[in-house]
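To begin, one chain is listed below as structure tokens, in the form predicted alone.
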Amino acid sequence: MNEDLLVLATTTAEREFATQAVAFLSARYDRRRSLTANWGEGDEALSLFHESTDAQERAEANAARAWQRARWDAGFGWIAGPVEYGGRGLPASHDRLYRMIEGAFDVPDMSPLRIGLGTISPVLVAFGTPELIETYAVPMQRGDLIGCQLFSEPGAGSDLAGVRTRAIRRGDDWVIDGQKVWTSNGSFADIGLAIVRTDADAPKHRGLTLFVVPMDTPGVEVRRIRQLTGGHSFAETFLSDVAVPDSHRLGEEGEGWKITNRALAGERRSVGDRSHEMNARALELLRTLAERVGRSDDPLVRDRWAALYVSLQSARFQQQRMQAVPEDRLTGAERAIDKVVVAWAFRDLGRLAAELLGPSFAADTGEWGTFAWTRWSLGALGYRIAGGTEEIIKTVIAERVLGLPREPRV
């Protein structure tokens, strides 16, 4: 039993680790039933962004915390983390192997913890002091804290170097004033990783610094945002005279841009990590939809479907290739490629659905597998922004990967 999971291991050490992981997971949860692509069965599940109420999100966060604590206690909470901080110090390949195995079991949704575990904690370990790591990174990995990113602003989402939230030094503290937007987990996060401007006279990429901001600090106000799709997965965060000690600074003053790029690489990676099974199911639903509307023999539809299949497979292979490269050899641009190709796939899947459905795409008739594609297409717009808009990401790829002339810098 579960031999199909053990074959994912490629070495003797990985096989032993996989055996331990399967034993741990199978003792607690049943195997997960994959979402069916059979027409008319179950929920269409075509929402790209999480859709839930505040109460539901908090319940999901509590379930995720509890599961992370169980993983930590069993030695699966921080698989590649430093041994001196409670991690197992295993290669990143073991972490990827565990995630593949865990994905086969009906465990709680870890989305509420993903930013803290995959984005904030790694940069704290890389650039933070031992005190910051002990105070924030370890508790996040243990499931005790939830983190959020305080990056985007109303006038600086695509180009984070243009942030206007400022921090002024006052003795041993920095006082932060400004506004952040599109904050995932904002309404229930314990800490935020904030990029702010500490030197108004420096070039915009050089006057930035990162701080860890406890979300219960006086002056922090969080307001939930209602999305086009009806959910409330994001918030806007107002910072008014928020005093943060200098000990909460991450890296050197003015080093924020470099650290932010490291953090965004983790966010862009997670966009691709979560998408492949979902895209494969969506593509199969589109094949069935083409048959139902009598266009499965249309050469234009067949060509677009085949192009999507090739694109999705290429995206998957690209990500697998990058996962085999040690993180310290990656520049961040590789993850940008992942993010762009996945966002394009979301967009093109929605466009083909609209072509096949015609008016049913925009008018809710109650028929299964029709109007639900509207949520997909609206979500696809968001993914073209999340982790940096396509325009910014393509500039990164052009300059760092293709070696094209750099854009003029202010």
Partner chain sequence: MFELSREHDELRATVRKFLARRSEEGTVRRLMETSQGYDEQTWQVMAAQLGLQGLAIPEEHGGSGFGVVELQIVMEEMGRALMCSPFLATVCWAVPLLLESGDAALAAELLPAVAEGSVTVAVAVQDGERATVAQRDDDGWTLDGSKRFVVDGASADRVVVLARTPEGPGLFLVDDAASLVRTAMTTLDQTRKQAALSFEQTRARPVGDVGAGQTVLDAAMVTARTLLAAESVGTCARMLEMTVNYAKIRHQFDRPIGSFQAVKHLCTRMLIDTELATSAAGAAGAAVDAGDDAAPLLSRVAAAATSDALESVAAEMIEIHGGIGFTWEHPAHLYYKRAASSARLWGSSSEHRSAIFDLAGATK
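The term rigid core refers to the maximal set of C-alpha atoms that superpose within 1.5 Å between the two forms. Residue numbers count along the first chain shown, from 1. Please read these numbers as outputs of a predicted model, since none were measured by experiment.
If you look for the form predicted together with its partner chain, you will not find it shown, but the lines that follow are about it.
The stretch from 208-216, 297-305, 189-197, 100-108 that comes within 4.5 Å of its partner chain in the model of the complex, counting heavy atoms only, is 297-305. Proximity of residue 284 to its partner chain in the model of the complex: non-hydrogen atoms within 4.5 Å are present. Residue contact with its partner chain in the model of the complex: residue 93 places no heavy atom within 4.5 Å of it. For the chain shown alone, residue 170 is not a contact residue for its partner chain in the model of the complex, no non-hydrogen atom being within 4.5 angstroms. In the model of the complex, at least one heavy atom of residue 318 sits within 4.5 Å of its partner chain. Within 4.5 Å of its partner chain in the model of the complex, a heavy atom is found for none of 86, 249 and 257. Of the residues given (322, 161, 80, 126), 322 alone sits with a heavy atom within 4.5 Å of its partner chain in the model of the complex. Once the rigid core is overlaid between this form and the one not shown, residue 291 counts among the residues whose Cα shifts by 2 Å or more. The two forms, fitted on the rigid core, differ between this form and the one not shown by less than 2 Å at the CA of residue 166.
Once the rigid core is used as the reference frame, the Cα position of residue 339 differs between this form and the one not shown by 2 Å or more.
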